[in-house]
Every structure is written in C-alpha cells, then in structure tokens.
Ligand code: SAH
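Form predicted alone, single chain, as structure tokens, below.
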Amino acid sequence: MTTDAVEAETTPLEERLISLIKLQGPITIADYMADALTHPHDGYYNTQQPIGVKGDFTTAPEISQVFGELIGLWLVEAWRGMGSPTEFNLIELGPGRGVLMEDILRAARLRPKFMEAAHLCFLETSGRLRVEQQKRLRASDMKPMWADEFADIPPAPSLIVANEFFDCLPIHQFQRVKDGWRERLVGLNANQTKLDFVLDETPPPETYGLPGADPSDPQSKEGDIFELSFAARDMTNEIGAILNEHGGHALIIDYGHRQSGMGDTFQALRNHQYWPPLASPGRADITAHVDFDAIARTAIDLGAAAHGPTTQGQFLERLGLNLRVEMLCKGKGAVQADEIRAGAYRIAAPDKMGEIFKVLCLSAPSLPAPAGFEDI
C-alpha cells in the first residue's frame, strides 16, 4: 500500500520530522519509530486510543478472557517452581488497557499466598494508558506501581510478562546492495514534501554482525532487507540481569520470526487495516516482527536460560485451553458459549493468531523449565 492509495493527513509530527530532515539529513527507522509511537506531545500512544474495537488493533486478552486466565495460572505455577518467595515483583511490560492483568489476577486469586507475595509493577510510559490501567484495576486489592524503566522498580525475584511489547520496540533496517549492506533511512521524496525511504551512503559497522558481509555470500542477495533491534537487545539485557541476580521468569508473547531478521516486517495499522508506515506519523500503530532467536541468544549470552519459542496455539493448549473453555461454557446459553469458543479459536488456531504468535520464556539458569515448555 502506498500513501497515494489512502487519505493520509499531514500531522504536526510529520511537519516536525520534515523540517528536521531538511536541516540535519535522514534519520534511522528506529528514531522514526520512537518519535511516531512515544513522542510526548504527538506520539501515537500519547494521543490515540490504540487497542480494542474502537482502536487500531485487538490483542489476545481483548479477544478472550481465557488467554489471561491461563497466563495467570501459569504465573502461579512458575512462582511455586521458584520456591514460593514471600515477596516478588509481578511486572507487566506495556500493559495496554490493563485487560490482561485484570484476567491474570482473577485467576491468580485462587492462590491467596501468591497474591499476598506479589508487588504489581507496570512498565508504561504513556500517561493516557496509565489512566486506563488505573481505572480497570481500581476494584482490585492490588496497588500497582508505574515505572518508566526497570531501574525504577525495586530489585526482587520477578515474574515478567510481555504480551505484544517487543514488536513496538524500534528497529534498524539494512538493505543489500551490490557491494554489501546500507542502512535504510527515513528521508524525503524528490519534492521534499513527504517522508520517504532512502539509503545511507556508507556501510554499517562490522560490529552489527549483518549476514553475508562478503557480497558473494549466498546468505543474502541484492535487494534483501535485514532488521536489527538494538532496543530489544537492550531490554533483553535488562531482563537477563534481573533473572540472573534475583531469579524468576520472563514470558514473552508476540508475533514474529522463530529465527533470523531477514525480511521487511516494518508495518503500521490504523482502524484494523494495514497503513503505510511513513504516512501520518502519530496516527497509526507501528510495529515490526520480533526476532525470537536474537532475544534467546542475547539472554543465553548473559547466562540466563531460554525455553522455546513455541507457537501461541501450542502453548495455550499445553496449559489446558480446551478444558478451560468448556468449563466457561457450562451453564451458558448457546449464543454465549459459541462466543467463548470463537474467541478461543481466534487466539489459538493456526490460521488466526495461533501460529504467527510465538511464546518464549527466559529464566534464571537454576530454575526448571516452566509449564508449557517442558519438552521444548
């Protein structure tokens, strides 16, 4: 899709970016993503209603309560596998509207000692979404703390949940040309009036570890796109440090690759439809597929353990998806039962969210493989 095929309005952020590029030259896709999503005045998460039927995309917790309830029971079992610490951090990264945590806590209440031990922490930079989370969890006995970064959270054994968080972290893109790789940047079109993709004139540093440094290497061919997320690497480093020092698990659920960053996955959504990623920045959600292999390798290099990835469908089935669905359907009318089953199908079926979404668990090295990952 091109910007000519949609009615894309010029946004204040776009005007600012055009002026900046005219003065200083093209910017990285990572910098563009950071501004488009989190700019304090004009960023998407601070100005729009992103999630739900009235938003631009729908997440698994918004589709079926079973998703969050199974994650809640998984967290309780993971806590028991850690030795049931009397105090621990229950951390959610990018908690959206708070729906997932609401469902997690409803299931976890079956184990009161888990609830008593948990210190609920949200890593959230959007003031707009913090208000939504606060309203949704007002009836809960939990009193969450909000943090901008991990350093703001007191150290403790931790259970970390990141559902559709890593896909929003900024990426860098590189395009293969005749004599190697060049970084793909955001510049201006020929008329200097619209944002457009351009290539850097100089090769990227060898330390980036791009595949096929030799132009004749068969790992890549001219025109190929390779993606790296230094932000995902840095986040994984922080998670790994917490797990190594204090113990715990981090459950990462997102859509993306099992391995390799090859391919152009830079995309945007608006009104539940694909949208040109450089059109009307600040008005559409921008994401990229997650490289699970890179996350796992980063964690292992730090000394943590990595389990998976497995598909979301397989993971939920291992946790008892079908049994939980039928339990919820008992005593319900036919219409309501059909809705429950339809929601479960959407989050687990291979042709829906079940295959493209993957689940990876990072763990302290001394802990056994948690539920859902025993045979992976």
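Owing to the predicted nature of the structure, the values given are computational and were not obtained by experimental measurement. For every residue, the number given is its place in the sequence shown, counted from 1.
Only in words, not in the display: the form predicted together with this ligand, which the text now covers.
Trainee: This ligand isn't shown here, but in the predicted complex, which of 58 to 66, 339 to 347, 311 to 319, 22 to 30 has heavy atoms within 4.5 Å of it?
Mentor: Only one stretch qualifies here: 58 to 66.
Trainee: Report yes if all three of Gln173, Phe226 and Asp293 come within 4.5 Å of this ligand in the predicted complex by some heavy atom, otherwise no.
Mentor: No, the candidate spot makes no contact with this ligand.
Trainee: Would Asn237 count as a contact of this ligand in the predicted complex, using a 4.5 angstroms cut-off between non-hydrogen atoms?
Mentor: Taking the distances in the predicted complex, the answer for Asn237 is no, it never comes within 4.5 Å of this ligand.
Trainee: Is it the case that Gln48, even though its partner is missing from this view, gets within 4.5 Å of this ligand in the predicted complex, heavy atoms only?
Mentor: No - in the predicted complex, heavy atoms of Gln48 and this ligand never come within 4.5 Å of each other.
Trainee: So in the predicted complex, does Ser220 come within 4.5 Å of this ligand, heavy atom to heavy atom?
Mentor: So Ser220 does not count as contacting this ligand.
Trainee: Considering only heavy atoms, tell me if Glu164 and this ligand come within 4.5 Å of each other in the predicted complex.
Mentor: Yes, Glu164 sits close enough to this ligand in the predicted complex that at least one of its heavy atoms falls within 4.5 Å.
Trainee: Heavy atom within 4.5 Å of this ligand in the predicted complex: which of Pro277, Pro157, Gly94, Pro144?
Mentor: Contact check passes for Gly94.
Trainee: Within 4.5 Å, heavy atoms only, which of Ser140, Gln267, Ser260, Thr125 is in contact with this ligand in the predicted complex?
Mentor: Comparing distances to this ligand in the predicted complex, the residue within 4.5 Å is Thr125.
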